[in-house]
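Single chain ahead, written as structure tokens, the form predicted alone.
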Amino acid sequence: MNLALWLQRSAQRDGERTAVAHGLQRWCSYAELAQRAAALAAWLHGCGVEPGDRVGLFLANRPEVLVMLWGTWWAGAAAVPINAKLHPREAAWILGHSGARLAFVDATQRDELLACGAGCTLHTELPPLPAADTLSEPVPRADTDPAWLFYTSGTTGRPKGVVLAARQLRLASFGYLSEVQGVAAGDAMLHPAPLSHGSGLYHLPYVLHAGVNVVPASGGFDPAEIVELAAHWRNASFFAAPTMVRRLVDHVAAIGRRPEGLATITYGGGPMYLADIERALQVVGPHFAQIYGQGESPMTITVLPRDVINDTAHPQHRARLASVGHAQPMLEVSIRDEAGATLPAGTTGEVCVRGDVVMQGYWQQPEATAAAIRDGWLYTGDIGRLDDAGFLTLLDRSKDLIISGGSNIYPREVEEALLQHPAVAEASVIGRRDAEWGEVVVAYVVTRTPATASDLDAHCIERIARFKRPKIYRFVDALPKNNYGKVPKTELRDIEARRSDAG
């Protein structure tokens, strides 16, 4: 099916309801959004875009992005959303690799994209879109035709284009409605996170059920603005990376009152440490749900619902709060060893998933697809363990595992311990090569109040095995972050290697 049918149906049923808002103002209704999408589809066809072609979207968040996205689908093409914070050279590579026929880009990026060899026509604005008395029908598409090419962050080599079809996007939307929260007409989804990423995926259930998709006037994440938008639009939810949650919590603590109009903050996209979510619940209130997924299984592997997070009376509450929840209903989760054998509950191994929500494959990379999907199972590259109740605790990416003296050390365990110290604001742990031990544990730490290596060492010894504690502490003003707010441990390892080479 073509996902544009969702927009068409909402326009027919709830045409006068607000579809898109910009800040506190209504930007368009569902009837207007559908009309503009259909008109843009006709324009795209006039530009030579055929069903199955790719259309790039290299733009910061603004209301027009949603017209471009739905117009692309209405035309039967596949969207290639690109994080606006990427370097134009990276975006030009993605446009070239995807074979985009044309792309909508921010005006500030156009010249540099051309200089970097973007091999398609670039448009910085929507074309004039004439009104029509009747709408054309969305171009028919098969359930497995590409609809969204999601390019991975490319921490190791070039990014890979994850092919998501209507089937994957539909199941991801149903997962949200089933496991995170239902959506009623008029409920609001705020978009402070990039529409090219998780926030874009989470706008789909709101179009299906005639909710309001709100693009902040700032185009990004400002905690004070989010509080204002939630109070204005009511029943307001949003997707947030853990770094955004921490900023919101600091803001709410500073103003001394909880936000009004807030429904659910769905956090994911990186590790949320136990200390951070406990503080968030205390300061902001019972508004949190967690999802774990990756581009290859978009937002859909496990869920930690609000009712579980808020069940403080459960004897396993803190353990579950530190987990990423249980499997979502559209797939299976299995922990497997290096040979692909299923491991019993409580055993650590690679997280593997299977189901129709898993990607079609990597765009034009059959070998990479075959390496990631084996015997129908997606090997995520994440290390974790399932408990007897089916709750998944993530430890780390497999490439981040530290082996010291023959013992496995998972950086997240050490980071969790460090973050329980009141002086520690942020921590990231990596391994450093060592002639005697193979690797030793190095902790990069940002403090909010003074602390010494001895202080942190004593703190860790009380909480984790001695062999896991850091051998080296690096006190820094800030941790490096990528475009999605994650700490790129490859960069920290490079920094540490240069320190080692310099003696």
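Small disclaimer: the values here were computed from a predicted structure and weren't measured. Numbers for residues come from their place in the sequence shown, where the first is 1.
Unshown form predicted together with ligand AMP; subsequent notes refer to it.
Q: When you measure heavy atoms, are 411, 415 and 431 every one within 4.5 angstroms of ligand AMP in the model of the complex?
A: No, because 411, 415 and 431 lack any heavy atom that approaches ligand AMP to within 4.5 Å in the model of the complex.
Q: Of the listed stretches (265-273, 173-181, 213-221, 96-104), which one has a non-hydrogen atom within 4.5 Å of ligand AMP in the model of the complex?
A: Among the listed stretches, the partner-contacting one is 265-273.
Q: Which of 109, 199, 243, 294 has a heavy atom within 4.5 Å of ligand AMP in the model of the complex?
A: Of 109, 199, 243, 294, the residue with a heavy atom within 4.5 Å of ligand AMP in the model of the complex is 294.
Q: Of the residues 394, 86, 208, 321, which one places a heavy atom within 4.5 Å of ligand AMP in the model of the complex?
A: None of the other options qualify; the answer is 394.
Q: Taking heavy atoms and a 4.5 Å cut-off, does residue 290 contact ligand AMP in the model of the complex?
A: Yes, residue 290 lies within 4.5 Å of ligand AMP in the model of the complex.
Q: Check whether residue 489 has any heavy atom within 4.5 Å of a heavy atom of ligand AMP in the model of the complex, and answer yes or no.
A: Residue 489: no contact with ligand AMP in the model of the complex.
Q: Although ligand AMP is absent from this view, report whether residue 382 comes within 4.5 Å of it in the model of the complex, heavy atoms only.
A: Heavy-atom contact with ligand AMP at 4.5 Å: present for residue 382.
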